[in-house]
Ligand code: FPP
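What follows is one chain in structure tokens, specifically the form predicted on its own.
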Amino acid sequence: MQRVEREIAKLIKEVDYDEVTHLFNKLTGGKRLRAKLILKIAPEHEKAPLLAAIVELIHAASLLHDDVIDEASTRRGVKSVNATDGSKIAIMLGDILYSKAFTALVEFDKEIAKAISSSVTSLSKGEMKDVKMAEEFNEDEDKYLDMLYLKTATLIEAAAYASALLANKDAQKHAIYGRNLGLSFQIIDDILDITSDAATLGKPSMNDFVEGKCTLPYIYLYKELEDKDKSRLKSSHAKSIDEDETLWIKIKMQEHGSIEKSFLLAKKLSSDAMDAVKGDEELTKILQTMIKRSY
């Protein structure tokens, strides 16, 4: 991971603009899940740290744009770039990170470069779907999971696929692993948005619903409610809700097992991911650690 951080710093330095270096250094690194995944799959390959750095730049760029879209004031508990320096700067910084990552991809074989760059198209499409879906209450589980795959899982899937190609491993099986890891990871995040407190999240609890996002627990809850309660849940969508309404939603979720049902899907996806790379203890550990983030 130290080599990955050095590669990231090198790529940022090559941009040759102090303002970009200053702004990038303000970003918090996060879990570096994608980088760790690449290093686990291709630990011996000399170019694995560079590939990991490229994927992390792409991920950082997507988060910068995401914060502008969501008008988020914090990211991982600290002020977001759009909050401190404005949305224009955040968008341009994201564009620079994207373009620098694409430039660095020429170091790799065509199939690897295509896998990573194609995932960014899918990621951007997923962002657009997410925005469109937030315009009204969504009760369609398949529609939501499709958006989730595009927005979150595709880059993880591509990272696993590309690093498997580097290491001469079964790329298709590792792609299945990455896809399911990405989906289960985001479902756990959806659960934590409801079950965790603001201090743990670094943002208000149940913020997703306030922003208009109907994540799986809300979709599962809606299916179980009587018509009157369905109308009540819909009326709270994409609004700042008071403590009474927040409590009502959480109580109803407990009554109908909405959180548990979401968690079971995350566990199934994780199990499918483990089956795809059966015997790889390092990749199994990543899944087990991720699942334990929930309750």
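From a predicted model like this one, the values you see are computed outputs, not experimental measurements. Counting begins at 1, following the sequence as shown.
From this point on, the text means the form predicted in complex with farnesyl diphosphate (FPP), which you will not see here.
Participant: Non-hydrogen atoms within 4.5 angstroms of farnesyl diphosphate (FPP) in the model of the complex: do Arg179, Leu216 and Lys261 all have one?
Facilitator: Not one of the three qualifies.
Participant: Only one of Ser117, Ser73, Ser87, Ser124 gets a heavy atom within 4.5 Å of farnesyl diphosphate (FPP) in the model of the complex. Which one?
Facilitator: Looking at the other structure, the residue within range turns out to be Ser124.
Participant: Tell me, which of His237, His65, Arg32, Lys40 has a heavy atom within 4.5 angstroms of farnesyl diphosphate (FPP) in the model of the complex?
Facilitator: It is His65 that has a heavy atom within 4.5 Å of the partner.
Participant: If contact means any heavy atom within 4.5 Å, which of 245-253, 266-274, 226-234, 53-61 contacts farnesyl diphosphate (FPP) in the model of the complex?
Facilitator: Result for this chain: 53-61.
Participant: At the 4.5 Å heavy atom threshold, is Lys173 in contact with farnesyl diphosphate (FPP) in the model of the complex?
Facilitator: No - in the model of the complex, heavy atoms of Lys173 and farnesyl diphosphate (FPP) never come within 4.5 Å of each other.
Participant: Even though the partner isn't displayed, in the model of the complex is Lys151 close enough to farnesyl diphosphate (FPP), meaning a heavy atom within 4.5 Å?
Facilitator: Lys151 belongs to the contact set for farnesyl diphosphate (FPP).
Participant: Test of understanding: in the model of the complex, would Tyr222 fall inside 4.5 Å of farnesyl diphosphate (FPP) by heavy atoms?
Facilitator: Tyr222 lies outside the contact set for farnesyl diphosphate (FPP).
Participant: Indicate whether Leu27 is a 4.5 Å heavy atom neighbour of farnesyl diphosphate (FPP) in the model of the complex.
Facilitator: No, Leu27 sits far enough from farnesyl diphosphate (FPP) in the model of the complex that none of its heavy atoms falls within 4.5 Å.
Participant: Residue by residue through 77-99, tell me which have a non-hydrogen atom within 4.5 angstroms of farnesyl diphosphate (FPP) in the model of the complex.
Facilitator: Stretch hits: a single one, Tyr98.
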